[in-house]
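Here's a solo chain for you in structure tokens, the form predicted on its own.
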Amino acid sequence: MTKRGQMGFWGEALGRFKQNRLGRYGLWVIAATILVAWLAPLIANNAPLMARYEGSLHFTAFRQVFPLNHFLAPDKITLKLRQNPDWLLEQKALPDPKLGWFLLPPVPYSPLQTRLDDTGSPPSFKASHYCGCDALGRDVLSRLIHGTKTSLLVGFVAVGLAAVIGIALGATAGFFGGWYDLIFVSRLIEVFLCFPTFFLIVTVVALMDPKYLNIWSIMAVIGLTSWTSIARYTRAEVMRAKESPFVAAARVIGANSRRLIFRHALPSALTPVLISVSFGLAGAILAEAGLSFLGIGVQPPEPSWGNVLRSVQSDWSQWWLGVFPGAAIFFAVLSYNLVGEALRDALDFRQG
């Protein structure tokens, strides 16, 4: 396919995607969750957006936003909040003479902040607990907002790892074929497909040493067990593409195997891979939420949608602990599935 032809195909696919209203809605929700994950310290935090302390102006919450959090040292207000997380909330009762005016984020609580007076509190606009509190007095909405970063990080990194493995194995198996495909790659795919993916992930995580159980190990386990569908799609498309005229022409002029695979055969095989990745992101987020709900995923106090949802098990009458994290998981997974469906329709060249 010529460069002009490729541009025409992708331009037509983009036009078809824009016509899919549900796909556009899903994409907007995904964009919003990414923005929330990035700006979480400015939305839910016990650190002020702006404050005047000891005669100087401080932008404490902004210092926690990536990438500033990796370059700026904690300021005086951050150190003060580490000693007493409720310091700013107590200013009316215990005013600090060194502190002037301050502006807190819309949700004035950090995800790790525990307040015994708010233990099990239902949703309240007066107390700024818009989604209530859990059994430890932590604000649910703050934990959901900061848990967005955890869920998205797990989804993108795990699927990225799965895509690298799946594309590498699928492309080489489809191009070289022979014993490498029949004995190694195809049999490996069949072995992984013998076990339901979620239960395979649960088994691997359950057998891990608890000291290694963190967000990075969860991402690695999900990625290392979820590459099979990408490998199958890539293998089938590369097998088809390697017989095409443009690959044969490149072979005639002396292109080596690596160039034939990654420069000519693989680009034309990426269409179904993109669709699989979109559905894979939904599956990874759901898998992480399921693992955390079972208590073998991201461990508290680190917030994630799954372990926030798990807290409802301690008292089912606290409905807000199930409704709000459940809704976040539902809409996130639905959005990725809608985008996947829209991509599948848009990239189907058989449509008029």
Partner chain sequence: MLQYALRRLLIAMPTLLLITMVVFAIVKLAPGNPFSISQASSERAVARMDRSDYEALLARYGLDKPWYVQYWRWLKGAATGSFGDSFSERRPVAEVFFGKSGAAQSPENPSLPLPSLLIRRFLDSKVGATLFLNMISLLLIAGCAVPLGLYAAVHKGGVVDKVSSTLFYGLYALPNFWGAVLLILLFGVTLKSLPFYGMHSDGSDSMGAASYLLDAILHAVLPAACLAYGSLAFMARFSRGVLLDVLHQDYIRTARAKGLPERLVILRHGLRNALIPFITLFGLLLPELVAGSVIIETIFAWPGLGQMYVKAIYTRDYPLILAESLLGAMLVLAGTLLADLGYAAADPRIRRA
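Quantities reported herein were computed from a predicted structural model and do not represent experimental measurements. Numbering follows the first chain given and starts at 1.
Only in words, not in the display: the form predicted together with the partner chain, which the text now covers.
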| query | finding |
| --- | --- |
| Which of 97-105, 191-199, 161-169, 111-119 lines the interface with the partner chain in the predicted bound form (heavy atom within 4.5 Å) | 191-199 |
| One residue of Asn84, Ser124, Thr203, Asn214 in contact with the partner chain, assessed in the predicted bound form (non-hydrogen atom, 4.5 angstroms) | Thr203 |
| In the predicted bound form, the residue from Ala51, Ala40, Ala61, Leu309 that sits within 4.5 Å of the partner chain by heavy atoms | Leu309 |
| Whether Arg21, Gly23 and Trp179 all lie within 4.5 angstroms of the partner chain in the predicted bound form by heavy atom | no |
| Contact label in the predicted bound form: Leu68 to the partner chain, heavy atom within 4.5 Å | no |
| Interface membership of Ala44, the partner chain in the predicted bound form, 4.5 Å heavy atom rule | no |
| Proximity of Leu286 to the partner chain in the predicted bound form, heavy atoms at 4.5 Å | yes |
| 4.5 Å heavy atom contact, Ala73 and the partner chain in the predicted bound form | no |
| Residues within 4.5 Å of the partner chain in the predicted bound form, restricted to 309-346 and counted by heavy atom | Leu309, Val312, Gln313, Trp316, Trp319, Gly322, Val323, Gly326, Ala327, Ile329, Phe330, Leu334, Asn337, Leu338, Glu341 |
